[in-house]
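The form predicted on its own is given below as one chain in structure tokens.
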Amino acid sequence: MVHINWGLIGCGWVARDYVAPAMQAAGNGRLVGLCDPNQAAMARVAAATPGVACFNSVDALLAMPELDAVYIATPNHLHAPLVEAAARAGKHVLCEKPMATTMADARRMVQACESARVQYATAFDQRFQARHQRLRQLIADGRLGTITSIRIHYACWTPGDWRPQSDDGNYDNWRVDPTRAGGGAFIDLAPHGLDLSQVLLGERLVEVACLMQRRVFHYPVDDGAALVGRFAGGALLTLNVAYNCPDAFPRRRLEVIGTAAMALAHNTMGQTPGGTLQLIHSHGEAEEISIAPTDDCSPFQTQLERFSQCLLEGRPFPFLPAHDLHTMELLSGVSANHLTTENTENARS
């Protein structure tokens, strides 16, 4: 076997714009099957993937004898049953974040894959953004000195009637439905910052606290959140996420502050390559960190290639399920915070 045959479950805008193209570009994987009850959404992905098979039934997709692995890109509440179904069928799984809407479901997913002896990983694509990988190495090499804090601002503008470009009229914004999403801006955006910060430092967060707001939009989930945390080694995290930040504002910023240098990453958080990475040294000199053009590719493609290579070589993916379960525990521990009466009453459109 020289490549992994992938199935894609869920054909929304992330799958359409990022996952499917990454599978097409990956050197050691190919997309062979699609499944989505939204026929129009599935047809758009299929149109860009000649020869791919389309299925209305997950069981029919999983029954493909040539299928090796599936990428699950559905609303959050469907992750657990789909992962369990894939495990029963003997297929490896790469599942969109967050793992699930509850901690119990997340544990069931991992147990199902372990019992079936298939690999499970959560699709945290920002681990594989070229500038984040370079920053991780700079930290490991001691170029920043002793890390004291990480600050992340990751936000967007997501009104309740938001529609991804070119989606059909049947699409609705499930991300603001508490039943399907499990929350709002916090559960959607905070997993990226929680995961990435731990990957960059190579340390677990051991304590977190969070405040949420429903300040701008009327939907029944939070539209913003501010989290603080402490890593095992003593460094601190400040993480701000929001659905209520206009897209014209600066809204994707990552700072890692050390005693020898401070790293500033602009527009690196998100689904695309690019952005800038700069070190400001303690003596005042600024250094631009360059990335080779051949390395600056889609983080989705890099992630799929790394996962596929692990499957081909019969070795575990370096980001083990225990890491993802810990991040899910952090999410679960703070997502129970209730919106204040003031925020709810002051919500405005």
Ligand SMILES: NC(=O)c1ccc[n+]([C@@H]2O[C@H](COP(=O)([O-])OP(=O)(O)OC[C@H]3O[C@@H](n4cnc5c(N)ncnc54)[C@H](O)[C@@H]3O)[C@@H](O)[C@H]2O)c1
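Numbers follow the displayed sequence, beginning with 1. In this text the structure is predicted, and so the values were computed from the model without any measurement.
There is also a form predicted together with the ligand; it is not shown, and the following applies to it.
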Non-hydrogen atom contact F307 with the ligand in the model of the complex at 4.5 angstroms
no
Would Q111 sit within 4.5 Å of the ligand in the model of the complex, counting heavy atoms only?
no
Does the ligand come within 4.5 Å of any heavy atom of H79 in the model of the complex?
yes
Is it the case that V58, even though its partner is missing from this view, gets within 4.5 Å of the ligand in the model of the complex, heavy atoms only?
yes
Name the stretch, out of 185 to 193, 257 to 265, 103 to 111, 86 to 94, where some heavy atom lies within 4.5 Å of the ligand in the model of the complex.
185 to 193
The ligand is absent from this chain, but in the model of the complex, do N5, G29 and V70 each have a non-hydrogen atom within 4.5 Å of it?
no
Give me the residue from P75, G145, P159, P220 that has a heavy atom within 4.5 Å of the ligand in the model of the complex.
P75
None of L311, A46, L62, C35 but one has a heavy atom within 4.5 Å of the ligand in the model of the complex; the exception is C35
